[in-house]
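Only one chain is included here, represented as structure tokens and corresponding to the form predicted alone.
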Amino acid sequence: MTDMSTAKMTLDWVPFTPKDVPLGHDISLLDLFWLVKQEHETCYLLESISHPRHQDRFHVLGFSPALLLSARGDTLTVTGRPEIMGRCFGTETDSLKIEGVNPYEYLSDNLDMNRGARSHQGGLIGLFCHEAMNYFEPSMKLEEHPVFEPFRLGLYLDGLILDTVTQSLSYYTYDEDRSEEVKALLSKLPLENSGGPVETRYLGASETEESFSKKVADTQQKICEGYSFQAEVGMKSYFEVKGDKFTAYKHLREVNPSPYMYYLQFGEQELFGASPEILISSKSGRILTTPTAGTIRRGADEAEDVALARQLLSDPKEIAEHNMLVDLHRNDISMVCQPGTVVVEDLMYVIKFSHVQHIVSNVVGVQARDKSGFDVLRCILPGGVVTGAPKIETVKIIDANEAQPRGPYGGAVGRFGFNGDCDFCLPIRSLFCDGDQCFAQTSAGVVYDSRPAHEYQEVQRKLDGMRKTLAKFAGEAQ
């Protein structure tokens, strides 16, 4: 490990246009990803399988990034191929630590991601935790999660893109051409079944209904004292998952198909989810965020679904909570948008998922010319829908309420693209694993007139999709 406290990092050597290699049509990216996982301990899959208005046409896969970048406190750790380290830092080594810096600001100050590529063609791809807020708000001193660093990103110089309209698969690369390796994997398709055996066991929750209700009451007291208008109260559910977690992910796709499906693997860390919500997206200078707040269960049939949606959109508490978060998102993105361009494009529509219905709004704006993708993510993380408003004081309430750091829950999963795009979903309805030890987290928005029993039921409904997914592979104990 080399200590280079004053090292500067550059991506100026990355070509503006990658090499493209067509690979064929009607290929299962899901099965291909499983084959990739067998050979590469660091990889990712981003796909979108429901709700056309929020669906991404392109599904993407990457493996064995050129560099891995992770943060702890005031230290950025970078590991990777020595020749790539040499191009980035001027010193060929397989790892280095850059100490005494704000790791996020270091990346923002040093990396120009506007390389001129098309969307989805590589970049920095990975995960930000809730505790990354420490890097954006100097007043915050949140305890970092013991396993999941505030952020972990891969620098991906090649990968695969599936165009779901034409069902065309292509490989791109800015550096080493690994298309022959990909073709060797493609020769193994189609698979009779991807995924190996998996066994799950429920280990318990961080809260009982009684303790959760007390935290709701404590939060309401803070609201009465003027510290917050609305605050999320959350709880963790713990699972042991042995075997091939990809098998569980495949079942999650069936149980809870969502517009932002993802699977990330960083060695022993494996994270997968079915997120209903984009945190923030900046594509070609257009910023979009979709505050999703207001929840009700699904009905037994279409008629009951409609009746429940009508009830949801007529509930004064749910409407007030949603409008509060729309205003918070408007204020957040106004910091990185051209003046006068931030508008609510679509206010309060309902999206139906497997177990719940949500109220959603689209808030859009035009990105200011002097702002980068790093500025865009910085303005909104952590998202208001999993914290509350006002954000800083409310996060302090959450920190006092929750006995353990949130980690990936409520952070961000996605990419800073080589074309300058910033595209991140909210990692909720997700499972976060370190080896066999995994957890999911759910939370409910608490306001002055919240009913604790109702809020507890809401967090249970939000957990239903993951609980049902893992129960399929459980023994009698679950």
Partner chain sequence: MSKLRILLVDNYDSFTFNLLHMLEERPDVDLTLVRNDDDFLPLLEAGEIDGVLIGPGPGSAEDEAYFGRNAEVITGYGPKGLPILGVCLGFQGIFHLFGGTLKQAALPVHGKVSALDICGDDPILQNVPNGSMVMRYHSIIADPEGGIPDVLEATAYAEASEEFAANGKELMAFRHRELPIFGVQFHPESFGTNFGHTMIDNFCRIVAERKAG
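Numbering follows the first chain given and starts at 1. Quick caveat: nothing in here was measured; it's all calculated off a predicted structure.
Below, we turn to the form predicted together with the partner chain, even though it does not appear here.
- The partner is absent here, but in the predicted bound form a heavy atom of Ile223, alone among Leu264, Ile223, Val216, Val182, sits within 4.5 Å of the partner chain.
- This chain appears without its partner; in the predicted bound form, the one residue of Pro190, Gly204, Gly116, Pro339 with a heavy atom within 4.5 Å of the partner chain is Pro339.
- Using a 4.5 angstroms limit between non-hydrogen atoms, Asp327 touches the partner chain in the predicted bound form.
- At the 4.5 Å threshold, heavy atoms of Gln311 stay clear of the partner chain in the predicted bound form, well away from it.
- Taking the partner from elsewhere, Tyr349 is found to have every heavy atom lying beyond 4.5 Å of the partner chain in the predicted bound form.
- Taking non-hydrogen atoms only, His358 never approaches the partner chain to within 4.5 angstroms in the predicted bound form.
- Contact annotation for the candidate site: Glu137, Ala320 and Pro390 all lie close to the partner chain in the predicted bound form (heavy atom within 4.5 Å).
- Looking at 208-216, 295-303, 330-338, 232-240, the stretch with residues near the partner chain in the predicted bound form, meaning non-hydrogen atoms within 4.5 angstroms, turns out to be 330-338.
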